[in-house]
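One chain is shown next in structure tokens, namely the form predicted on its own.
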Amino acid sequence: MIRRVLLHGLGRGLLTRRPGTRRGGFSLDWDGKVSEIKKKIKSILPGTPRDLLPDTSHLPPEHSDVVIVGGGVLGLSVAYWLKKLENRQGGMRVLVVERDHTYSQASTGLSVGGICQQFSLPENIQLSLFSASFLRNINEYLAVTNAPPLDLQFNPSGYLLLASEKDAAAMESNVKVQKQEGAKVCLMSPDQLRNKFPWINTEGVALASYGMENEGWFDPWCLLHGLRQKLASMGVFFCQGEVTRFVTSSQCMLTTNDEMVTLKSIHEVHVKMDHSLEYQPVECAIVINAAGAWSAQIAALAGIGKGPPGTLQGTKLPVEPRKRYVYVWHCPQGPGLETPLVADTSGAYFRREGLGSNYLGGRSPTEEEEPDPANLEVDHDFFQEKVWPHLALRVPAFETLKVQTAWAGYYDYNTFDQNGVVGPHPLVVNMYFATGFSGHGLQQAPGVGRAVAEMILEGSFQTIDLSPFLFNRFYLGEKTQENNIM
């Protein structure tokens, strides 16, 4: 629309049609028009103060088959699999809208980059197993002609989860499920733990589980860059802006229980341009809500959760931003290069960072300790009072650690069951979700992106059945609880 106005406005006044004129019916007023033409030609030359053709390259296209709200790894993964699995190359137009082009507050870049299979649910284990394979063969998926190969700097040191006496039985049950799904995980007694990791104090530890393959950590920025680079080569459009409105159409229908419901379909997305009052309407067929911690706000724009309480129309997307701190410290006498990512019985965790005796870690707060998510300021007292005592108890060498730096990031926290939301909304029929992973979205993004693309292109999940992650469970009150969330 904006481009059309600009182009249509360009030619007015240069040529005028007069009755009875010769040579095609146009007459040039050479005394006045030549001067005007020269001025306008001069105005569009480089280095001139006036630009007759404003740059519209920052604007999204007027039409897109799919609009993805959120340009983190989950949104980018959906875009990748849509293009990879499309029936005809170039047949699907995909637009990714991201409001923070620097990714300074994005969960992707502020995460610790971990990947493990030690979950309690088969679906989460399967997702992480696929993602491990994807990351291990990253250049088979994301290679771009004439671009250097990607190096995710994957550190395969594994995860070490510690359990107290009261949690030992649950850990045993989880490991049984993990092994059934193909994960390489073993249980360790306190004696075995001390023999393998002499630096650890096993006080209060009844059992441990250790990931022997496909676990560790990687560089999330490299994955983000690789996906964006690949998508650009596949013809995906990117736009920096904020989705502010959905234009929808609706129709009413009766359910099998004789309940009247309203079905909505989004047919236009309004994208507000950065630092501007200007917006661009984008006609579309499908919207992907991959807006992470802010995905509930995007859902509300489509009317989700705005019906009577207790109804499907009144059921909100239960995802909200939760602030999490990550601290980096130096400890020359700390654990060596073979150190896995350790998750303590207290909820504190840590891993090595590089080769210089540096470590990073933190702890998820209790409900009572939840910090205000209005900003990303770091609470250093939280480390001193709630994290460091647990670290020093578990690893005595950490008594002398020195904090070097810290940052905060957001979880897209699902308050219902701490699990992802994947697939279509039952009433806003062309909005699909890829959100709510509560801290494990980065590592599961390749598998989630593939699942959403399968649902859109094939009408059902094909490789991993993620039906337990559908939106309907919030209305039905059926939790798909994941117990291993750090």
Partner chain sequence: MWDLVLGDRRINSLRLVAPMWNGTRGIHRLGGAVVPEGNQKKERTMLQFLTDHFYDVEALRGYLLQREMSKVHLKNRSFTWLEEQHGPYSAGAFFILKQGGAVKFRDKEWIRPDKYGHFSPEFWNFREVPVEAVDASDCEINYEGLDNLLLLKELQSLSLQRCPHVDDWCLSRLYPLADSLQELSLAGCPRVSERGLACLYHLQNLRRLDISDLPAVSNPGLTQILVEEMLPNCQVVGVNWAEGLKLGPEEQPQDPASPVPA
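Keep in mind that this is a model prediction, so the values were computed, not measured. Positions refer to the first chain, counted from 1.
Although it is not shown, the form predicted together with the partner chain is what the next lines describe.
Would you point out which of 366-374, 166-174, 333-341, 238-246 contains residues with a non-hydrogen atom within 4.5 Å of the partner chain in the predicted complex?
Stretch with heavy atoms near the partner: 333-341.
Looking in the predicted complex, is the partner chain within 4.5 angstroms of a heavy atom from every one of 347, 404 and 416?
Zero of three within 4.5 Å in the predicted complex.
If the cut-off is 4.5 angstroms on heavy atoms, which of these, 400, 153, 201, 189, is the one near the partner chain in the predicted complex?
Checked against the cut-off, the match is 153.
Among 273, 266, 360, 222, which has any heavy atom within 4.5 Å of the partner chain in the predicted complex?
Partner contact (heavy atom, 4.5 Å) among the options: 222.
Taking any heavy atom pair closer than or equal to 4.5 Å as contact, tell me whether residue 256 reaches the partner chain in the predicted complex.
The answer is no: residue 256 has no heavy atom within 4.5 Å of the partner chain.
Partner proximity in the predicted complex: residue 214 to the partner chain, non-hydrogen atom cutoff 4.5 Å
Result yes; residue 214 sits at the interface with the partner chain in the predicted complex.
Against the partner chain in the predicted complex, would residue 252 count as a contact residue? Criterion: heavy atoms within 4.5 Å.
Flag for residue 252 set to no.
Taking heavy atoms and a 4.5 Å cut-off, does residue 132 contact the partner chain in the predicted complex?
Result yes; residue 132 sits at the interface with the partner chain in the predicted complex.
Using a 4.5 Å cut-off on heavy atoms, which residues of 184-201 contact the partner chain in the predicted complex?
Stretch hits, in order: 184, 196, 197, 198.
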